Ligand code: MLT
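Presented below, as structure tokens, is a lone chain in the form predicted alone.
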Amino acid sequence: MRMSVSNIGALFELDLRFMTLLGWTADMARIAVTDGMAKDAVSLLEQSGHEVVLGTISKGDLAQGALSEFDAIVVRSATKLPAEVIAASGDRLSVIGRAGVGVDNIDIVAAAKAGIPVVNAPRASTQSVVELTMGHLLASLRHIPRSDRSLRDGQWEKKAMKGTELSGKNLGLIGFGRIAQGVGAIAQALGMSIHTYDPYLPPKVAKIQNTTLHKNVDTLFSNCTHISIHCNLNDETHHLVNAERLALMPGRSNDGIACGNHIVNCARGGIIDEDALLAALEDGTLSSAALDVFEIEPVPASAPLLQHPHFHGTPHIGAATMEAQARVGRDIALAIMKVLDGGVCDTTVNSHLLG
């Protein structure tokens, strides 16, 4: 059953009642929330006896040990917590919460060395990112952004905006976690064949999902005219999508249509080499590219990629829905409270590094 935002908000009161009945008696903690948080989530923390301090902490203050005054901190992607910030935080900081999925803005190894669990909310934004990914893919193939810009310029370029269908095409998914599986399910319902590259995926999962699993990322590119990114950013995946791999894409689908090549990234900036992406758009290797994430954020308005007519983007809004933000806030508040009360949270991303 899908819940409305009001339904999700009502769950906060139930969570608090259940925790009280179960004897949840964590001592009051001081919690910094630096990048914003849903009001209901803040209320959940405060009603359980914790002090919540909302507001940005500057990079300089973080480096000078501002977090030594807090028991916990909740961040999104804007606040960076490198090793030096964690080292300057002293012994009081007990848990770091990432209100979202990716933790590349947090040094989880340094946190583990300091004995600090890092918890995230991996399930809360899944549906929102799935829907944005499909939105970008459909917008690319049907030239929706280009058509809109053209209309605003007073042009009626009907013939120039002839697109292609998703049906009958191969969609390659780099990474095959919750979001990619959600994208795959919708794409299959639209008639696409799903291919994936994920070296950590058990073959039986691919079989259950009716997906062709590739052992090599290059064969994924050579078989797919449509690619969507769904992996984490790390040393292994940085610029995984480069000029050589983009050049492998076939441009013509199995149904015989010269549909061109298309790529979407709503995962993490830096996985795609953006210089190579622009070059591929300019020489026709790619017919379209759509990004929600960029290697440098916010992306400068002067960036050449933003000026290309076959590119469109969004400002890192994958999880920016009312429903996702309510779920993210609830999930991270409960995770923070559990750790503060001495429990073990199943979304601790550095559990394997903690002593």
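Numbers for residues come from their place in the sequence shown, where the first is 1. All values derive from a computational prediction rather than experimental measurement.
What comes next is about the form predicted in complex with ligand MLT, which is not displayed.
The partner is not drawn, yet in the model of the complex one stretch among 83-91, 180-188, 101-109, 164-172 has residues with heavy atoms inside 4.5 Å of ligand MLT: 101-109. No residue in the set 142, 262 and 310 has a non-hydrogen atom no more than 4.5 Å from ligand MLT in the model of the complex. Between ligand MLT and the residues 226, 268, 136, 195, the one pair within 4.5 Å by heavy atoms in the model of the complex involves 268. Among 147, 237, 285, 77, the residue placing a heavy atom within 4.5 Å of ligand MLT in the model of the complex is 77. In the model of the complex, ligand MLT lies farther than 4.5 Å from every heavy atom of residue 62.
Of the heavy atoms in residue 330, none are within 4.5 Å of ligand MLT in the model of the complex. Residue contact check for residue 38: none of its heavy atoms lie within 4.5 Å of ligand MLT in the model of the complex. Residue 316 belongs to the set of residues with a heavy atom inside 4.5 Å of ligand MLT in the model of the complex.
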